[in-house]
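In structure tokens, the next block holds one chain alone, the form predicted alone.
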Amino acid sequence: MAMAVAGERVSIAALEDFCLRVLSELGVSDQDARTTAMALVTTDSWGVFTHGTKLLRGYARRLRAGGLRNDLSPRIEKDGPAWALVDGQSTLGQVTSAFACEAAIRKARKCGAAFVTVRNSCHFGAAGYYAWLLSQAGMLGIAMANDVPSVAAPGSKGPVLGSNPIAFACPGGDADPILLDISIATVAGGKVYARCKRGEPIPAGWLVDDQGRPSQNGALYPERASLAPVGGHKGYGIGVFIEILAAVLSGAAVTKQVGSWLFGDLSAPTGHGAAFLAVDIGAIMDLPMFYRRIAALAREIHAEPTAGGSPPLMLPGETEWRNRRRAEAEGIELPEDVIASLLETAAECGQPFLV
């Protein structure tokens, strides 16, 4: 067993084991630790390193300070046949979100579709993970959440909304699920931090400074710059829609009421909101027929001619599933900044990071 370094591959099992040891050391129950570790490591295996195990250090600090609770569990505050309101009770966002997905699946199987909205959660990582969980149960899955404001609106001088991610997943039968995971920002804030730490330039179109002007100065973010909204008014409008479903409707903190899970008071709850929609495909259409139709759609898209020598068209998620299969066979090649964060987590928690 050797200490991990950049360029080496870490097995999925070893990375999950490290997460479990850290969370257990912080008093998180075995089940909740496994739920969280699975979400973080799966995200890394997809190659989405901004939302995987790099987040563990921030969660660990918040658990240690009390802003995340290890002595409570999410609960259904009120519900009906096809809907529920979940109180996360400031537990880990992965735990609350998985709990909400289970409720959505259970209700959708009875009613054909179900909507679950969440309050008193925290940062939940990759929205796509929860949409995928829903798809694993034969559902069309949608997951979304709000966050501390970091994204400008067209014409604003500062951040108005969080990056407010939204994800969609569709099971593919024998094929991989179709999986789309986006935020309303042109780029994830984590990518700005990562580029700054690596000394790499910030591409044009990523940031807006505190006068509302385009900027490529990553050092300004987040105090004096905001992320640019994807598609201008379109991304902004989608962000408002997510804020309503995930926060206004659930009673969660809204926009500037949301606490920063990473930079805010580590002893205080962040009040994040989230929302999940599950549609039971089998209640609407015979599943084998649905999968045949999805396969036909995929073939049609893959067969489309491309311009200028571009590679064949891909469906959302194809890159992630390709990365996952390689990770299962060879391990995950973690970027340098992720390795550094995990080593710092190991030192702070007294748990060696070994591969």
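When you see a residue number, it is the position in the sequence shown, counting from 1. As the structure is a prediction and not an experimental result, all values here were calculated from the model. Here the rigid core means the biggest group of C-alpha atoms that line up within 1.5 Å when the two forms are laid on top of each other.
Absent from the display: the form predicted together with another copy of the chain. The rest refers to it.
Visitor: Taking 279, 300 and 314 as a possible spot, do all three reach another copy of the chain in the model of the complex with a heavy atom inside 4.5 Å?
Guide: Each of the three qualifies.
Visitor: Could you tell me which stretch in 160-168, 199-207, 67-75, 88-96 has residues with non-hydrogen atoms within 4.5 Å of another copy of the chain in the model of the complex?
Guide: Result of the contact check: 160-168.
Visitor: Counting only non-hydrogen atoms and a 4.5 angstroms cut-off, does residue 38 reach another copy of the chain in the model of the complex?
Guide: Residue-level check for residue 38: no, no contact with another copy of the chain.
Visitor: Would you classify residue 136 as touching another copy of the chain in the model of the complex, given a 4.5 Å non-hydrogen atom cut-off?
Guide: Residue 136 lies outside the contact set for another copy of the chain.
Visitor: Give a yes or no for residue 241: in the model of the complex, does one of its heavy atoms lie within 4.5 Å of a heavy atom belonging to another copy of the chain?
Guide: Answer yes; at least one heavy atom of residue 241 falls within 4.5 Å of another copy of the chain in the model of the complex.
Visitor: Looking at the partner-bound form in the model of the complex, is residue 307 within 4.5 Å of another copy of the chain by any heavy atom?
Guide: Yes, residue 307 lies within 4.5 Å of another copy of the chain in the model of the complex.
Visitor: Only one of 227, 104, 122, 247 gets a heavy atom within 4.5 Å of another copy of the chain in the model of the complex. Which one?
Guide: Filtering the options by heavy-atom distance leaves 247.
Visitor: Can you work out which of 126, 252, 275, 192 has a heavy atom no more than 4.5 Å from another copy of the chain in the model of the complex?
Guide: Here the answer is residue option 252.
Visitor: Using a 4.5 Å heavy atom cutoff, which residues in 270-295 contact another copy of the chain in the model of the complex? It's fine if the answer is none.
Guide: Heavy-atom contacts within 4.5 Å come from 277, 279, 281, 283, 284, 285, 290, 293, 294.
Visitor: For a quick test of reading the superposition: does residue 191 move by 2 Å or more at the CA between the shown form and the other one, rigid core aligned?
Guide: Yes, the C-alpha position differs by at least 2 Å between the shown form and the other one.
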